[in-house]
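Let's start with one chain on its own, the form predicted on its own, as structure tokens.
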């Protein structure tokens, strides 16, 4: 893919434009840290322009029938599928996702999300409330207006659809800030939206620094809602910034997923599923099963096979069809992940596998980390409490179900958790007792456009996907109609 095919400007009011300041930021290929493109860097003036464009577009877009909005989203889904190879290669080059993952997972999930909410646009209903005789009370679901959306760098293409699709289906207009280090697939989606017939100003995409463009978008008085996916620390700053006009806030934040394997589990399935839960996308997933919690009865057998599987994962150039795990998305993040190896050692932990960059000379210039397995001394150690966000899993053991739950629920996070067992009663009981917004039984990291996605505690609030997402992007309007009620005068005279 040549640089001439890349979109590297801001997308405002239906046009690709330079930043007002003329500033750009180099987007790097994490395989070798070469420059892919210099992308326009949005500042406050650009955010103002984008919000103004969205406000102008809102009245007509919100009044368009749901069926007509849906047709545009369905057309966009078709265009995404038609451009699968270009989008997959763009995402892989920008993020380090193995090409086979970008092609078979990221692009199809993106198309599926736009298609789901394209079909939802004319089916999301209000309701009628039974009230006192003589009155009709009905509730409308109104779009919020201009919504600000901040997309993270780990799954930029997929999260663009998760954020945009329900907001657009509900009748909102959007100002989206992709992560400054991975903006390219979001900008390609903007191009495809124009081709699908999206009216000017409905969607605006403004890559920029989180500390500048993201902060200002969260503060902006013309924005009715801010939806953010990223770290818990940044989420707290988003909440503070939103207070000026009391905008609605939706947060999908960090995770430290518990993945419990009981002694009656199908070990072959649990070993493979636990490897997928951790090492897919180099562990750069908020829902990664980064805390492996094993029954003492099967821990030795499980670990022997799990370590062997981890060591066999093919780490390499993500553009290579044979690669199963690519580089982390940036050098800064690679160094952060590797720093946790020292943290583990300082606290008496044992490195069972990995813990360093690969020795392959062909990968020397990239952001690579080997699949890393660590046994900490306690579930209270830093590496078992803090989100590492890389191919770094901690292993803990338990004696009984009560101890498994104590360990699983022993962090401040509550996004996704999983468990492996053939005992149906245990499965439902543990799923009920886990502190998490999502629980997988005998699987991990399954997502669907129709299934609510989000967490509790320091993992945030609000939900992506499904009817819950449509509620997040609308507000209730209660309408009372006097049909034939006889209302006596409150202040009777004479």
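Residue numbers count along the first chain shown, from 1. These numbers were taken from a predicted model, which means no experiment stands behind them.
Unshown form predicted in complex with nicotinamide-adenine-dinucleotide; subsequent notes refer to it.
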Could you tell me which of 87-95, 402-410, 236-244, 338-346 sits within 4.5 Å of nicotinamide-adenine-dinucleotide in the model of the complex, going by non-hydrogen atoms?
236-244
Answer with one of 143, 366, 273, 254: the residue that has a non-hydrogen atom within 4.5 Å of nicotinamide-adenine-dinucleotide in the model of the complex.
254
Proximity to nicotinamide-adenine-dinucleotide in the model of the complex, single hit among 389, 379, 398, 279 (heavy atom within 4.5 Å):
389
Does nicotinamide-adenine-dinucleotide come within 4.5 Å of any heavy atom of residue 99 in the model of the complex?
no
Contact label in the model of the complex: residue 418 to nicotinamide-adenine-dinucleotide, heavy atom within 4.5 Å:
no
Classify residue 231 as contacting or not contacting nicotinamide-adenine-dinucleotide in the model of the complex by the rule of any non-hydrogen atom within 4.5 angstroms, answering yes or no.
yes
For residue 354, is any heavy atom within 4.5 Å of nicotinamide-adenine-dinucleotide in the model of the complex, or not?
no
Would you mind checking 129-162 for residues with a heavy atom within 4.5 Å of nicotinamide-adenine-dinucleotide in the model of the complex?
150, 151, 152, 153, 154, 159
